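One chain comes next, on its own, written as structure tokens: the form predicted alone.
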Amino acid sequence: MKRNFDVAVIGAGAVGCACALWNQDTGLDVALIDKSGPTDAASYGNAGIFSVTGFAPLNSPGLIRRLPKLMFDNDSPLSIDWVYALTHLPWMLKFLRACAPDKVAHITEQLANITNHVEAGFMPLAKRAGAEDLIKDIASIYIYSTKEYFEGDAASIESRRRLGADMDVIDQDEVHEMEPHLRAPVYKALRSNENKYIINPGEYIERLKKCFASDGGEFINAAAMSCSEQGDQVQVRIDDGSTLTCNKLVIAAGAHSKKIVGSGAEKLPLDTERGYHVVYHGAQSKLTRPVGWSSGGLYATPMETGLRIAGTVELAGLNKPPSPRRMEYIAGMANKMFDGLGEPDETWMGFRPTLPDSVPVIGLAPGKRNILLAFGHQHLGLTMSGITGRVIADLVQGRAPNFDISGYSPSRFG
């Protein structure tokens, strides 16, 4: 293994691969460091949606009003481990403060700002990796089963439209004409006309990795433990006790980014929303596109290998084992959405990297000169991966990105 690189990227999910490929595209010698298996990253287990219009944050004034019901209802898309919550109370309080109307408006603008550029970052990588066949260009729909749920999202819908999201409201008849196998009750639905989806997110990531390797990049199958700036370089210690040196280090390890001691990431309020999915093999013919369900907090997506039902939020940290009750909840909601699914053929749990304001950090780590951070994309990691990688490559080259990135500064948390 080589020991000296222009750039080293820690984390080989969608964001890390994009950072590695965009830096490689500038002619630099790049290492990509990750020890996780192919199904470990949140990039593998998501709903596969390239969501150009999905920049509404989890934070919202309405969430605070619904919080008691969400927390104590067994049939809720939100689950909280109270022991974990009480030991991470500062993060919870920061999150709730970011639910104030003025904060939500600011957060939505910041997410829209970067989402307006996602295609310019994502599509060149998909073409370079020969992954265009995995992308389906079709509008997704998000259904509301009751008037209450629809009106509760009215402010978010209006805000996103004002910021450029191409969406229209459709009624029950149009939903059933588009998706005749859907059995969930429909009051209204939101059609997002610019969205795409990926029929096999795991295969998409594997093609990015293969492209990186075939173009001369070095993949290091190891866990990065710590790093330190030494003059104009950064030394990275990996789990076999050895070190490598790079001119610039990028931390893109998602929810695990705080584990890299000395990176500056450990000082940020990063936490995780644990997400789940179940898969029904051979049932993908029940849909033609991704369909979200507001009351269930999930999306159903027709994937290459089956029908994937993905979503929900569980606040329980990185160490607790997967919750059987979460799997049962999603499978139960899946059988309310479609007839004849029965028991799922696959189950999965992963970690969405989330900061309390739902906005990623992209830029220099606080107090560092040669360590850059790129994580915290919560539900939009796949969507924002390409543009995040392009911005990181600009920063490595000393170039100003072509849009304002000050809102994603890691220093914003003080």
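One rule holds for the numbers: they count along the sequence shown, beginning at 1. Quick caveat: nothing in here was measured; it's all calculated off a predicted structure.
From this point on, the text means the form predicted in complex with a small molecule, which you will not see here.
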The listed residue (163, 223, 78, 279) that reaches within 4.5 Å of the small molecule in the predicted complex by any heavy atom is 223
Q: Classify residue 256 as contacting or not contacting the small molecule in the predicted complex by the rule of any non-hydrogen atom within 4.5 angstroms, answering yes or no.
A: yes
Note to self: Against the small molecule in the predicted complex, would residue 208 count as a contact residue? Criterion: heavy atoms within 4.5 Å.
What the structure shows: no
Practice problem: Evaluate residue 391 for contact with the small molecule in the predicted complex, applying a 4.5 angstroms cut-off between non-hydrogen atoms, and reply yes or no. | Solution: no
| request: Look up in the predicted complex whether residue 275 has a non-hydrogen atom within 4.5 angstroms of the small molecule, and give yes or no. | output: yes
Answer among 137-145, 175-183, 304-312, 335-343 for heavy atoms within 4.5 Å of the small molecule in the predicted complex: the stretch 304-312
